[in-house]
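Heads up, the chain below is alone and in the form predicted alone; it's given as structure tokens.
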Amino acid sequence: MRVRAVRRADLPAVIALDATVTGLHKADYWQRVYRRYGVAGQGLRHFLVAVAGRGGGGHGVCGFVIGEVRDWEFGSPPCGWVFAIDVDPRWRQRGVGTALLAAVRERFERVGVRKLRTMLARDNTLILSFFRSQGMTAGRLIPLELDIGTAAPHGPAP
């Protein structure tokens, strides 16, 4: 297994892997992600795949990670954000996720980033356990959200 930058030929395997894990087929979404992080990436944006077997073709994609360096958002110096990581269920517990996270972390470190962040659903115990096993802990930022479109506007915040 090796980790490398995504290639266009990997997209069908990435789309299928995502659909296996999420239950949603999002081909248009993945095309946009590829254009932004695969084609235009590899500077401060990274779309990496773990490839199993020989030849390195898309047929062997067993995981992926996507992240980017974001700076000065929320008053934070530049930091690396991982917003997607997934491993084929048949390849879990074999170090694939660890290798993917290490590869994106190394790319962040190369440009001077010293903090790695991500966000996940509270009830996603699988990914929470993975990130904790990698040494990640709760950070200083608190996610807030608001359903929009149907909510009545409220007065100013206290």
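What you are looking at is a predicted structure, and each value in this text was computed from that prediction instead of being measured. Start at 1 with the first residue shown and count on from there.
Below: the form predicted in complex with a small molecule, not depicted.
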(request) Answer for residue 111 alone: is it within 4.5 Å of the small molecule in the predicted complex, judged on heavy atom distances? (result) no
(message) Using a 4.5 angstroms cut-off on non-hydrogen atoms, would residue 126 count as touching the small molecule in the predicted complex?
(response) yes
(request) Report yes if any heavy atom of residue 136 sits within 4.5 Å of a heavy atom of the small molecule in the predicted complex; otherwise report no. (result) no
(message) Would you classify residue 26 as touching the small molecule in the predicted complex, given a 4.5 Å non-hydrogen atom cut-off?
(response) no
(message) Among the candidate stretches 103 to 111, 29 to 37, 45 to 53, 90 to 98, which one is within 4.5 Å of the small molecule in the predicted complex when only heavy atoms are counted?
(response) 90 to 98
